[in-house]
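Quick setup: one chain, the form predicted alone, written in structure tokens, and binding and motion questions come after.
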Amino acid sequence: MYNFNYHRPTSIDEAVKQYDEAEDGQYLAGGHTLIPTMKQRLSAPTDLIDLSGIKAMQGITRSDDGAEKMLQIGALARHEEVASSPIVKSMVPVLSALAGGIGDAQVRNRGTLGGSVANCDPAADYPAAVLGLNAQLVTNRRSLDAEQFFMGMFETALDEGELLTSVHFPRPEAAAYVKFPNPASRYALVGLLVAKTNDGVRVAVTGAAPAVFRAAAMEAALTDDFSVSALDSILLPAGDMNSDMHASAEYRAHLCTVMAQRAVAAIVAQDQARARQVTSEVTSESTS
């Protein structure tokens, strides 16, 4: 690791100013990617701007003042906070489950939502939730739709020095996330989120390709028939998939269908459980 100047700002404006004044600055959130690359001397920023002291980028809240209920999560919210938050569990439970399956306890207690999303690792879990739930990404300069944000492997629409400050998730009608994890890293060889939203069925795939993407063929099939069998004949093109020592492109393409079917099965089970609960409540009221 090379020498660097360390900064710990307490406001977004201060962080951006320090970045702009640095010769080659880097923002630091959880540090799970940046710190290892610095240790290996693959990255050598002149200035490290630690965001952990900025309270405006922390916290989990809900907004009910518009036509749509929104879950607002600060970019510095740690995975464990997202996983255990009662607000997340009540509004977007799929996000709580997804965060609880990231890495191990040490990773979940240090890694942040914003750091993961801004890093845009092809095998990260959060991008599937951001794209699958059609979240809004708020920076110090603007608000971006999920469709605009992810550009390619480790590449986003963030401009030089632009800082992701929070992510706003609309409440889905129902959603499920299923992944096939690498047994060592717990990164997704393939992770797939299926959601019923106000905009229709959305299917987001992570881990399979250079960046998260929507599976249009699956969305069309599930719009016509929301069932596990609707996906039986769908196989995404292997030519668009990653191929490495962990899994071939063909295997990842196959996993996309399997994970999608498991996610749909989970949503169908949720719907059936809710229907039974409603029936039970109606029966109880009529007999009381």
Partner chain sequence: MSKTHVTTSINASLHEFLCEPGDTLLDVLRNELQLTGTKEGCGTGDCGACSVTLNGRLVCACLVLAVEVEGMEVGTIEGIGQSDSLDVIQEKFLEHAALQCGICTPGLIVSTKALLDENPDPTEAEARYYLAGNLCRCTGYDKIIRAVMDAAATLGGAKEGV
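Positions refer to the first chain, counted from 1. Please read these numbers as outputs of a predicted model, since none were measured by experiment.
In what follows, reference is made to the form predicted in complex with the partner chain, a form of this protein that is not presented.
Taking the partner from elsewhere, no residue among Gly152, Ala220 and Leu236 has a non-hydrogen atom within 4.5 angstroms of the partner chain in the predicted complex. Of the candidate stretches 197-205, 68-76, 96-104, 136-144, only 96-104 has residues with heavy atoms within 4.5 Å of the partner chain in the predicted complex. This chain is drawn without the partner chain; in the predicted complex, the residue among Ala230, Ile60, Leu28, Ala249 with a heavy atom within 4.5 Å of it is Leu28. Out of the listed residues Asn182, Gln148, Asn109, Ser90, Asn109 is the one that sits within 4.5 Å of the partner chain in the predicted complex by at least one heavy atom. Looking at Ala253, you'd find every heavy atom of it more than 4.5 angstroms from the partner chain in the predicted complex. Taking the partner from the other structure, the partner chain in the predicted complex has no heavy atom within 4.5 Å of any heavy atom of Arg262.
Although the partner is absent from this view, Ser284 stays clear of the partner chain in the predicted complex, with no non-hydrogen atom inside 4.5 angstroms. Contact annotation for Lys55: none of its heavy atoms lies within 4.5 Å of the partner chain in the predicted complex. Along 36-50, residues Pro36, Lys39, Gln40, Leu48, Asp50 each place a heavy atom within 4.5 Å of the partner chain in the predicted complex.
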